[in-house]
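Taking the form predicted alone, here's one chain by itself in structure tokens.
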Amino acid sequence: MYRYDAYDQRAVDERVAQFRDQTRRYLAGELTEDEYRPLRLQNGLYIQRHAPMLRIAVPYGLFSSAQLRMLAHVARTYDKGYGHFTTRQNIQFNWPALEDVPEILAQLATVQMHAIQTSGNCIRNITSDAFAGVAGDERIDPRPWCEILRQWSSFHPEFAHLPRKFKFAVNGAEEDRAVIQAHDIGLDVIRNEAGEIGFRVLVGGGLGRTPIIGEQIAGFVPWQHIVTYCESILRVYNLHGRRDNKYKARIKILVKALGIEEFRRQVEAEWAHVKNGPSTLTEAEVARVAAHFVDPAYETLPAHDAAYAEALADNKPFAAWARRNVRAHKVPGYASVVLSLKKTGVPPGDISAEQMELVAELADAHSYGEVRATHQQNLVLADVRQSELFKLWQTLRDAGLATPNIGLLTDIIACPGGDYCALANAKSIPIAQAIQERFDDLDYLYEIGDIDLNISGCMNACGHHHVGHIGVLGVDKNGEEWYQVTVGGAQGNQASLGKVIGPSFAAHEMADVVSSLIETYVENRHEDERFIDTVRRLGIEPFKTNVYGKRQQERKVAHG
């Protein structure tokens, strides 16, 4: 993984010192709230419903065991003993005292972590495939390119005050596991017919109040020019993006307003001025960064470990976990393991300080000291020997990190919602817990198969509800919490936006609504057909009819 050089460390240390003084001045009354607000947002500090919230950057979801131990220390010392992983592969702390934040950032800097550009109208944390570098379907490792973009975008003065926040995602595999079609800029690392590396570039995607699937602006940009091309996109956006209306300020609105052809024309015109300028990448620069992402010293192992195969045959709970939480690895004899942060009764994405410390130990023992965060709010140990999987499972099981539900209905993506967020219209966590409790039956979960269920507490869509097979959005109705439901959304290569099935529901109805949706699927599916496939074949009407028909009948019975 990437390690700071002297320039990186100095930049972060100087920012910490700067923010420490800014916070001191604010607490002393020398800065007003309006003056302090943009300063704290530049350092990932929000003021939420009950307390400040600090969002820490985890570049492209990759961090070390030492960094995870520091996060555990922060959780235990300055928070309430836990953290929350987000859909941007970052981690949030929901209860730090404002006066402690500069010291938290100073301690994070000692392990090469920061909160810079995790908020504000700038380029946010660049996300990628949590299985980068180890996936069997990978064309090109995206991590060096993510790091190049991170270094280019960090502290970039021209893009520090964009019309609105700006998000990149980078994919390098056949299967898109980074949701590049739902980002302001999505990059697909590919090879052309001559075998040269370049990028398919998508632009204008995004969720939130106006969800849009991104459009292709360039089929192949040579690697040397990817920074200047992205720079050109951002310049056009910075020039023409709306600044008078924050709900229409994202680049997706500009692309739709101009049309992709006109937007492309303007980008190409801008690019003509900078294409071979100082930001053009060189082989030496790419090699410098790529050297941080070489494979660890893998052992030569048999492709199939006999003891692992025997444990699968003899232990059904272990086999169930391996089927859902263990992924194939590009190197024979190894596997990647997903640690579920979706145990029933625990808010999705939450992890305790004790669990963080355990995961750090396990990363050192089994995965070369590295951990990954997924945008589905789980963790990954990417390089585990097959021979060690059974022992690892036993430890994870005892720690509550081995729920065998990855990709299943209870592997819910959810934002913190109204329990914490000042922007939320409704709570997310109680809805997630009610659904998890209703479907806390692994046999039934395996029977109904792969289903993505995503929950957002407001239109900002931090829970990515638009691309959930089932999406839940919290809405406000006269001061009461209600929930709008969509079906048919999807991420991946065939990304799509869900469609609203009808009027919203009260909180107490949500588990029943999901049950009705699942019943409709089970009654209508073809053999080996996933939920999303059934929705695409039948449309939303059968699901809508069943949900609202049952609701109407229940009301008649109650009225009678």
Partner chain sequence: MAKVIRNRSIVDDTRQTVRLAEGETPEGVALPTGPLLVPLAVWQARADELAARGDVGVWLAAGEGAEAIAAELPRLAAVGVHFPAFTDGRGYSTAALLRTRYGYTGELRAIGDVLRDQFQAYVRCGFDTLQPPEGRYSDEQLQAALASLGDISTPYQGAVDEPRPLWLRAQRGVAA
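Residue numbers count along the first chain shown, from 1. This is a predicted model, so every value here is computed, not measured.
Another form exists, predicted in complex with its partner chain; not displayed. Remarks below refer to it.
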Partner-facing stretch of 301-309, 97-105, 77-85, 267-275, counted where any non-hydrogen atom is within 4.5 angstroms of its partner chain in the model of the complex: 267-275
Candidate from Glu158, Glu193, Asp443, Asp398 lying within 4.5 Å of its partner chain in the model of the complex - any heavy atom: Glu158
Contacting member of Arg150, Lys248, His329, Lys167, with respect to its partner chain in the model of the complex [4.5 Å, heavy atom]: Arg150
Any non-hydrogen atom of Pro503 within 4.5 angstroms of its partner chain in the model of the complex: no
Its partner chain contact at Glu519 in the model of the complex, heavy atom, 4.5 Å: no
Contact test in the model of the complex: Arg25 vs its partner chain, heavy atoms, 4.5 Å: yes
Partner contact for Leu281 in the model of the complex: its partner chain, 4.5 angstroms, heavy atom: yes
In the model of the complex: members of 3-42 within 4.5 Å of its partner chain, any heavy atom: Arg3, Tyr4, Asp5, Ala6, Tyr7, Asp8, Arg10, Ala11, Glu14, Arg15, Gln18, Asp21, Gln22, Arg25, Glu30, Leu31, Asp34, Glu35, Pro38, Leu39
